[in-house]
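In structure tokens, the next block holds one chain alone, the form predicted alone.
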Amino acid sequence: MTEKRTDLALEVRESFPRNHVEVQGVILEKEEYLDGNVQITKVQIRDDAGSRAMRKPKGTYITIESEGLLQGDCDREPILLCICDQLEKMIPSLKRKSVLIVGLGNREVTSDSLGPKMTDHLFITRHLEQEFGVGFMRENDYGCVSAIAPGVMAQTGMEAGELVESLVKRTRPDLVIVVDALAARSVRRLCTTIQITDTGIAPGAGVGNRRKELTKETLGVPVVAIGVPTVVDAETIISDHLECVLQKQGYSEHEIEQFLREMLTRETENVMVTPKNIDESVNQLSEDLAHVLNHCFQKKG
């Protein structure tokens, strides 16, 4: 079958022919919260065999799914607290670390503007520590937070990875948190899913535009990536639908694969699909993610 583009480790794991069979080197754990309104799946890639099978770096990938993320009129706070809890579990002593938060993406492209818009709502404190000292930060229970939205190469002539690498060398944070829009395989996961991983990120990988990686190896400090899928590859939507129809009609796997190869052309190769209300969803999710990060680094209660 054609390879399905996705940035979600959960969807890669689901793509195996027999999803219930354990994959060597990969551990899958699922939990439900808030009476089943939030599903949390942890995919741990433990060794090189698991990394090869999943085609992803070794590490932990936490996926939080909730239809409530799309419902602007619901009480979002319990869902956001679940996300915050997962982030704090992934990063020991999170509050005591100095952090650089990076909002990746292109502010001028709605489906790719999640990261830059998120930085607009962050509570930034690094300058307060420099001006008033560590005592002030402890007294107010503030973490040390700085942020940047580096834009994209077409805007700056530089890769985001180059800019972030320079900033890390200059400001020396303990941790980098990267927020970016992702690509999913399933339409139902658009804007309803958040992935947190301790492996860093390769910007643009899900849409076939891979850039310089932001990882512990490239930056010299731990990198946590937070992403929300906002686009699906058009080829994936078409092939999944046709595959399902042809399977019900009794066609063999070989016949289905041959039919899809003939049907899918270059015209669909680089087409990405996004929901019609993506502007509203991105605005809400950017505020939500900033709220989660502010909660993690500010005084609670």
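No experiment lies behind these values; they were computed from the predicted model shown. What we label the rigid core is the largest C-alpha set whose atoms superpose within 1.5 Å from one form to the other. Start at 1 and count along the sequence shown; that's the residue number.
FYI, the form predicted in complex with another copy of the chain isn't displayed, but the following is about it.
Among residues of the shown chain, residue 92 is not one whose heavy atoms approach another copy of the chain to within 4.5 Å in the predicted bound form. Looking at residue 147, you'd find a heavy atom of it within 4.5 angstroms of another copy of the chain in the predicted bound form. With a 4.5 Å cutoff on heavy atoms, residue 134 does not count as touching another copy of the chain in the predicted bound form; it lies far away. In the predicted bound form, no heavy atom of residue 50 sits within 4.5 Å of another copy of the chain. Of the residues given (74, 158, 81, 221), 158 alone sits with a heavy atom within 4.5 Å of another copy of the chain in the predicted bound form. Comment: 123-131 is the region of 123-131, 193-201, 174-182, 221-229 lying near another copy of the chain in the predicted bound form, near meaning a non-hydrogen atom within 4.5 Å. Taking another copy of the chain as positioned in the predicted bound form, the residues of 236-261 that bring a heavy atom within 4.5 Å of it are, in sequence order, 237, 238, 241, 242, 245, 246, 248, 249, 251, 259.
Relative to the superposed rigid core, the position of the CA of residue 250 differs between this form and the one not shown by 2 Å or more.
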